[in-house]
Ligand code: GTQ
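Only one chain is included here, represented as structure tokens and corresponding to the form predicted on its own.
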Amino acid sequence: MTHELGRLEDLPKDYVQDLRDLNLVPLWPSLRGVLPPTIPTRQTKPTHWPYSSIKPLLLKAGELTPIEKAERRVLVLANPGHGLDKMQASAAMYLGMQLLMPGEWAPSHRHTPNAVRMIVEGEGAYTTVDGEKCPMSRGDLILTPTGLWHEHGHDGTDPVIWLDVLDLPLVYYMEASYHVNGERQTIHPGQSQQQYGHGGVAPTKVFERSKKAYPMLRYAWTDAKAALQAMASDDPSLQAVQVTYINPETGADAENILGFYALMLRPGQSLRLPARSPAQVFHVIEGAVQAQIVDHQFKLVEADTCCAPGYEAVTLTNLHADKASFLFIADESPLHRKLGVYENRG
């Protein structure tokens, strides 16, 4: 049964004013706006951010603004559906392209939003997270989870650029977003990747389990790519050659709000991803891909990024007929599952 609901303008003006004086609002004129039928209202629009356009502007920012004035030299990949001033790619995801020049140091701080870094270009830089020095190479994924001290340094000779992915819009909406500045960290010996970066095995904690909520901080692209290639070789019929970045102690998602994945498309392959409730971000690590999102068609080359709203199927096509293409994907699945609103509509 459907019927037309009453409108605000149908009510006497003095009655509406009496409500407002008491900070009251009638629900029924806005009910369909917050509870639309069948499918949610989504502000996230299919959007493409070409790296070839971003990089010159980011390098220009390096000339215009010293790191001391910027703290983090970032160009935000803002979704026009949310408004550029909101600085968000989707309801729960923030994206930014960050630049670090040779010899620079981005000072230590910690904050409530979770963050990851997907390395786009350059060598010689590193992120120190909770005392662990994580080298940066193209395609590496580095975690800087909520509350952990982190800083960035660069001992190399060329600019290094990476893609930041944070759950900042959600944490900000919750009125829980803040940061604290800190001192330069002391580097601790050892790397979590050496302990946990081998599929199927983890250190045996005979006397005591790790107290760290995030025991592995750097996920090397060489390992992820090798896993994808092995999967593809082992099962030629497998359509979705994809791995999930996980917490090696628990098997859960690497972070607790956003999900992160690496996907391989075989030469010439076209893959339809089903319509699911979370929004998604796609970033090309290697190769070239065509993304069909609603009525938008984006050609993505290496280091390009795009996003798709939730509840929409996405078709990805490898534009190379003779070699594989590889993508990094971020989405809101862990959040949706925790809230009990996750849907896969096929």
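Don't overthink the numbering: it's just position in the shown sequence, from 1. Not measured: the values here are computed from a predicted model.
What comes next is about the form predicted in complex with the named molecule, which is not displayed.
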Non-hydrogen atom within 4.5 Å of the named molecule in the predicted bound form for each of V74, H109 and H150: yes
The unique member of D130, D253, D223, D164 whose heavy atoms fall within 4.5 Å of the named molecule in the predicted bound form: D164
Sole residue of Q242, Q98, Q185, N247 within 4.5 Å of the named molecule in the predicted bound form, by heavy atom: Q98
Option from 164-172, 266-274, 215-223, 118-126 whose residues, in the predicted bound form, bring a heavy atom within 4.5 Å of the named molecule: 164-172
Non-hydrogen atom contact F260 with the named molecule in the predicted bound form at 4.5 angstroms: no
